[in-house]
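First, one chain by itself: the form predicted on its own, in structure tokens.
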């Protein structure tokens, strides 16, 4: 995190501003990715008018950064209307898409809207592996072509790879492919449980040996992609006291809003705060008992993690801990990653 971004985030923290919001526009997707966190395909979705009003509320609350995702965002006929409204309100907008429905005109429109960037998921440099993850034949070719189109129109593109066991040794090749295409590259090392708490997809995680290789790679910034404004674990000693005492930015300076309008501290922390069709966002953000509960927790309140010798080397996720049964407890998945990072076993793994 840059010095300027750190100062902005500290100011947002002091003022209670939801600086960064992840907004999913739709449950619908023509892909069936084997690791997807969404649990619905045809659930209720906010209307165009409701979404525009929500954007106005977020702007009034001080939100600056907006990640627009899905499902597949291009399945909403009003997608560009929503992004145009967000840009008119001066949000810095990132779009997350598979790219498989993105044509040349869509690339041109995104360029004209000056979006901050587009995140495109790519799971392998091998078409057959990527297509096996998405369960759509030909999706690799369509995704790569979308990256080319966007880059050609001057849109900043980031290829995002979620590291999975079936392609765990291939991240360097995906990084090379991204560079060849003129895109940035980001690696998310963790497959996380679904929104309903199901851990069935955790089995897709990479092996201990693969994690170790990733964490030792000096060219990688390997952190969960849903934590855009959180400090790196290694930076903990250099962060300001406020950050140093917080387990995570979730619910403090960032939140997630589902396609139906449910507000959560984070996409990975499915602790419902309220629904924007029932209460204004500002009230949910400021007054939700669940939000106050999340914000009350400090590192000192973590009975096991607070005394762990690996605390400053751990990317402990409160959402993972919550889904494993205890919001203030350790996450076994994060402990396993610390083991891979350091070669030493945290206490919870010895139990």
Partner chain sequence: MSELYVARHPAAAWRRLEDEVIVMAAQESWLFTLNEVAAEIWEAADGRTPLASIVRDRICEKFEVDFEQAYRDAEELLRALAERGIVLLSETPLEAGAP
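Please read these numbers as outputs of a predicted model, since none were measured by experiment. Positions refer to the first chain, counted from 1.
Omitted here: the form predicted together with the partner chain. The next part is about that form.
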{"property": "Candidate stretches 282-290, 315-323, 31-39, 58-66, one within 4.5 Å of the partner chain in the predicted complex by heavy atom", "result": "58-66"}
{"property": "5, 11 and 88 each touching the partner chain in the predicted complex (heavy atom, 4.5 Å)", "result": "yes"}
{"property": "Any non-hydrogen atom of residue 327 within 4.5 angstroms of the partner chain in the predicted complex", "result": "no"}
{"property": "Exercise: residue 92 in contact with the partner chain in the predicted complex, heavy atom 4.5 Å", "result": "yes"}
{"property": "Contact test in the predicted complex: residue 108 vs the partner chain, heavy atoms, 4.5 Å", "result": "no"}
{"property": "Contact of residue 173 with the partner chain in the predicted complex (heavy atom, 4.5 Å)", "result": "no"}
{"property": "The unique member of 135, 114, 199, 208 whose heavy atoms fall within 4.5 Å of the partner chain in the predicted complex", "result": "114"}
{"property": "In the predicted complex, the residue from 76, 148, 156, 212 that sits within 4.5 Å of the partner chain by heavy atoms", "result": "156"}
